[in-house]
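Presented below, as structure tokens, is a lone chain in the form predicted on its own.
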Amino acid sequence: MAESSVRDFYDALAGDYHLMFADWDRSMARQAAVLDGLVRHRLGERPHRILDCACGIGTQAVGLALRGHEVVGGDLSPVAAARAAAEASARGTRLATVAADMRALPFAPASFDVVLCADNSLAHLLTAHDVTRALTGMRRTLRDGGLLVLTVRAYDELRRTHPTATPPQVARTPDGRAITFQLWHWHEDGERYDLEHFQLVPAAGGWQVRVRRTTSWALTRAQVTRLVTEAGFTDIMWHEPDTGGYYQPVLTARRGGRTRRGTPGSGRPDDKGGSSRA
């Protein structure tokens, strides 16, 4: 991962990130409901201490804080992390945030019940070495028996078809509709791709076009499972969008405990308003 490139991408996007959702607050609430249900089902009904290690502007972290959890947000982008804290305050809750690289989390061992890495953030790590560094750090910050929660794009089919663009997403603003889409340029290895993130924002009777660029690694489910296992996690489970209710596949795993793999669903309501970070 070129750290400055990814940080610059999200620093530039932070002010417009909510435009990827038809209704950002509604999506926050729906995603938090699914993740909250998953966490309480696995760890118990009490509120939990959660680290969202790629919190962005707070799409998951704010919603989870509003549901009673003690949430800390970290993000490579200081601009995004600052906005997440402000958005939480504006909604009557508290979210402590820090600018931090998920490969070098600045927290003491066993600090959290849950570590969340959502919105396909793991895909910005472009080598197995970097993914392992991040996952090992996430495990270090979890208490024994704590829960890892990853959400990723369903890349297996995308690796086969190599699409060149994503469908447009439309959001309504006071000035009109804003449109977001991505163009993908696949590398020769067939696994990584450069993306151009376009936003068309209404301005003065026309459009202002905003373009940001970054690179992602289209990790398959088998690759993610292997890397999580090699980082020392157990009890690895996949939760599907059509049964688990989240807009992306979700992997959960434990620090410690017996090994169990599967693909159960949580039976929670689904969220069609989610949007992957990249």
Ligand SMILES: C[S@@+](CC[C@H](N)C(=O)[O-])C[C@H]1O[C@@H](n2cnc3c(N)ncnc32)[C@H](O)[C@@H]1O
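It should be emphasised that the depicted structure is a prediction, and the values quoted were computed from it without experimental measurement. Each residue number is its position in the shown sequence, starting from 1.
There is another form of the same protein, the form predicted in complex with this ligand; it is not shown, and what comes next is about it.
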property: 4.5 Å heavy atom contact, Ser77 to this ligand in the predicted complex; result: yes
property: 4.5 angstroms heavy atom contact with this ligand in the predicted complex for Asp101; result: yes
property: In the predicted complex, Cys53 touching this ligand (heavy atom, 4.5 Å); result: yes
property: Contact flag, Val149 vs this ligand in the predicted complex, heavy atom cut 4.5 Å; result: no
property: Answer range among 116 to 124, 160 to 168, 199 to 207, 85 to 93 for contact with this ligand, defined in the predicted complex as heavy atoms within 4.5 Å; result: 116 to 124
